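Below, in structure tokens: the form predicted alone, a single chain.
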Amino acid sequence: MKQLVCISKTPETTAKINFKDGNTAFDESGVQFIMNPYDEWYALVRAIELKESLGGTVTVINVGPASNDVVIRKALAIGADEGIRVDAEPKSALYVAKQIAANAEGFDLVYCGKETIDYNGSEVGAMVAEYLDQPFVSFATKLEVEGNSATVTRDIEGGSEISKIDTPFVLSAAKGMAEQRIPNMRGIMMAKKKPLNVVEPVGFDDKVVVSSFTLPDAKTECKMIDPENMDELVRLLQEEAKVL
């Protein structure tokens, strides 16, 4: 079974976020980057688990500059067999999906994390499936494969849904799909010898242009209300929080 895992580079969760160039670009100065946790902990690890039990290969793909190679090498250290980097700036979700789809032919399963922790868009997986004309399962929490058929459990409002689907298809992985793996020394050393193929992007007329970024409003300090003063609590919820 041939599996393809889409991985992203994201800022570390405690990074201080700033913008530059008139708030049209993210300022990477002093920012520590990591592999997107949903891609790493759930999508990648489950793909490796299935390779270990059923055979086949796991390939990871990333759209980005040469500085992203460190993230791809980490995926190889965890257990992926080879990496692909599309040598282009990830301009938009649609642009990224187009580049992934152009390199995803012939794979039985294509994985994405349910979202990236920077944009939280949950868009790329569905777009890749559309480009490939394949079924898409979102927010998958469990995946079992037997032959050319898979059983997928996914979160829905108020519960879960179990579907049976034939390969090839695309899914986005959520919490519960697998448990995080830490690369060991042997994996790190072997990753240096595994192939990392850099490919040119396909032509694409991207319709998305960033106008500007803004930071969220600063959080206000916590107000402590005397438990005997419920009238004041109700007033604050109505007039300040505006949730009543």
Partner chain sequence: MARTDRYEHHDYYGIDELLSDDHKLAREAVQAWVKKEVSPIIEDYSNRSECPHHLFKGLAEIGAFGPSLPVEYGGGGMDEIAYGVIMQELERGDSGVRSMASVQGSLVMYPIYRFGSEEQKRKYLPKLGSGEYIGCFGLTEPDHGSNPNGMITNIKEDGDSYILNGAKMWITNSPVADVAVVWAKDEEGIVRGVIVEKGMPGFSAPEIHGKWSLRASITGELVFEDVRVPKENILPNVAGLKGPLSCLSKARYGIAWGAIGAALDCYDSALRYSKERIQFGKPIGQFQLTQKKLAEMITEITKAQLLAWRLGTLANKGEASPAQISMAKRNNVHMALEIAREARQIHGGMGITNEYPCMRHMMNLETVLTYEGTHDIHLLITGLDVTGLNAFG
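Positions refer to the first chain, counted from 1. Since the model is a prediction, treat every value here as computed from it, not as a measurement.
Missing here is the form predicted together with its partner chain; even so, the following discussion is about that form.
Chemist: When its partner chain is placed as it is in the predicted bound form, which of 197-205, 210-218, 49-57, 177-185 ends up with heavy atoms within 4.5 Å of it?
Modeler: After filtering at 4.5 Å, what remains is 177-185.
Chemist: Hey, in the predicted bound form, does Lys98 get a heavy atom within 4.5 angstroms of its partner chain?
Modeler: Looking in the predicted bound form, residue contacts with its partner chain do not include Lys98, since no heavy atom lies within 4.5 Å.
Chemist: Can Arg73 be called a contact residue for its partner chain in the predicted bound form at 4.5 Å between heavy atoms?
Modeler: Looking in the predicted bound form, residue contacts with its partner chain include Arg73, since a heavy atom lies within 4.5 Å.
Chemist: With a cut-off of 4.5 Å between heavy atoms, is Ser29 one of the residues that contacts its partner chain in the predicted bound form?
Modeler: It does not: once its partner chain is placed as it appears in the predicted bound form, Ser29 has no heavy atom within 4.5 Å of it.
Chemist: Would its partner chain be touched by all three of Lys20, Asn23 and Ala241 in the predicted bound form, meaning a heavy atom each within 4.5 Å?
Modeler: Verified in the predicted bound form; spot residues all out of contact, no.
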